Every structure is written in C-alpha cells, then in structure tokens.
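Below sits a lone chain in structure tokens, taken as the form predicted alone.
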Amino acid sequence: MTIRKAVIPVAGFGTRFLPATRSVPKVLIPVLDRPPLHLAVEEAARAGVEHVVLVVSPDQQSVADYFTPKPAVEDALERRGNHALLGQMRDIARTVDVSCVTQHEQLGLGHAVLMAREAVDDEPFCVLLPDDVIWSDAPTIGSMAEHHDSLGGPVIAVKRVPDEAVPSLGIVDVRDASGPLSRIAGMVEKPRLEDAPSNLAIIGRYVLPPRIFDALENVAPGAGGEIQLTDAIAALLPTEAAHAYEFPGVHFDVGTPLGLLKASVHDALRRPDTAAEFRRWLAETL
C-alpha cells in the first residue's frame, strides 16, 4: 500500500453525549473497553499507515495523551503479572506515529482536513472518522487504498441506507458498478429525499489525493454554512475520477449514545472473553 498517512478529525463538542463530554472527549468514550479513536487508529495501523494526524480542539489534551506511554500503569501491570493487558497498553503507544494539529474553529469536516495539510504534505492520504466503526476481516481503509493504487483518484466508503436516513447524510450518484466499486458521477450533502440521487451514503472512510487541499481552500461553504469535504471532492470530479466502495463487514455509527450501545453489545457478543457470560445475562434479562 502506498498510503502512509492518515488524518483523523476528533475536534467537536460531543453534544449528543452531554453531560459525559463535559470532561471526556466523545472519541474516548469506549465501545465496550476500547474508544472509537483507538479502533480508528488500530484500523489505520493494520492497513500499513505509518503516521496518524489527529485534528483536535485546543482543550483536547487527553486525546493526545491517550497514545503516550504510561510507565506507572505498565509497571503496575508487570508487577501483577498481567502480561496480556500490559502488551495491549504498550501496543497503544507504539502502534503508529501519532501527532496532533489544532482546529481552533469548528468550520466543518473539510476545514478539519485542511488543518492537516502541512503534516500530510504532497502525497495521497486517508481520512477516518471515529464515529464510524467498521468490523471486517480486512481493514476497510486498507482495501480502499489498494483500489486507489490501481485506479487513482479519490475512493470513498459507502453504504446503502434506509430512506429516512438520507437527509442527514452525504449521498453519492454512481455509474458503472463493478463488484463493490462504482464510479462517482456526483455527490450531495444532506439532500432532501426527493432530490437524492441514490440511497448510497458516505461512511467515514476516504482515500484522497493531495489536490484535495487546493479544492478545500477554494470551495464555498456548503450545508450548514460549513466547509464540506464532499463539496471539495465533487469539485475534483471533472478532472479526476472518483470511486465509491461498498465495504463488507459490520458498521455502527457510534456518534450517538444508542449507536455506541449497539456497537458495544455487538462487540461483547463476538469476543471470547465476554460472549458466553453476556449471552447468559441477556437471556435472563430479556
């Protein structure tokens, strides 16, 4: 894979998770026992990404701290002989090179990605949104990077959604479907259902060329008065082919409390250390 860098935007107020997010960033509220941010970085690392750039708010020091070594905790685990958990703790800190850039104003996803321009430099990169958790045999962003290597241009993860979800999501218009890939003919952010070109919604995984930064600097504010990443990608379409990728696996939107709960239940039911006991408890409770 030629994609070496990933951008993960994490700035945000997390209003749907108040009051918890008064002190804990939303991306650190765990799915079972691992935060969505951890899962996103883990996916990037499995795909071969070497450097992750976190786009943070000025008050999100705890996000950066999550990936720093914790010697006191590691020493305590070693004294107790808990080597499995010790290994997990050390893996968190050494998985990939993690750095942070600050987004002082929340002006949209496109603006957040633009803040990472200097760190990314002039090379293709990927974007992962921690609100979208995807469990699959192969890392989704890795499969997308492989398609980018062969096709060039942006590659965007998509999923078919019910009609009621269309007006709250970015939607793509596609042509020339071949297996999980389709050529993107157009994109629209949060359309009315009657105006939507399809029910293929953009899910938070992107592989992008460096030209996207020029497009982001020149695109006008879109839906919600914000700089929309979809609008910048759409601006590239006349000169650069883009493709939608219908990914395999299980997806959860953990950007809402209910979505986070569903993802945690799913994870608990599939993990060997929790599945049997949790299934018994669910059977008794239900």
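All residue numbers refer to positions in the sequence shown, first residue = 1. All figures in this text were calculated on a predicted structure; none of them were measured in a lab.
Note that the form predicted together with a small molecule isn't included here; everything after this is about it.
Legend entry - Per-stretch contact check against the small molecule in the predicted bound form, the hit in 103-111, 156-164, 169-177, 133-141 (non-hydrogen atom, 4.5 angstroms): Only one stretch passes the 4.5 Å heavy-atom test: 103-111.
Inset, instruction - Determine whether any heavy atom of Ala11 comes within 4.5 Å of a heavy atom of the small molecule in the predicted bound form, and answer yes or no. - result: Output for Ala11 is yes: heavy atoms within 4.5 Å of the small molecule.
Legend entry - Non-hydrogen atom contact Arg16 with the small molecule in the predicted bound form at 4.5 angstroms: Judged by the heavy-atom cut-off of 4.5 Å, Arg16 is in contact with the small molecule in the predicted bound form.
Inset, instruction - Examine Lys26 and determine whether its closest non-hydrogen atom to the small molecule in the predicted bound form is within 4.5 angstroms. - result: Result yes; Lys26 sits at the interface with the small molecule in the predicted bound form.
Inset, instruction - Flag Ala116 as yes or no: does it have a non-hydrogen atom within 4.5 angstroms of any non-hydrogen atom of the small molecule in the predicted bound form? - result: No - in the predicted bound form, heavy atoms of Ala116 and the small molecule never come within 4.5 Å of each other.
Inset, instruction - Would you kindly say which of Ala145, Ile212, Val188, Leu129 lies with a heavy atom within 4.5 Å of the small molecule in the predicted bound form? - result: It is Leu129 that has a heavy atom within 4.5 Å of the partner.
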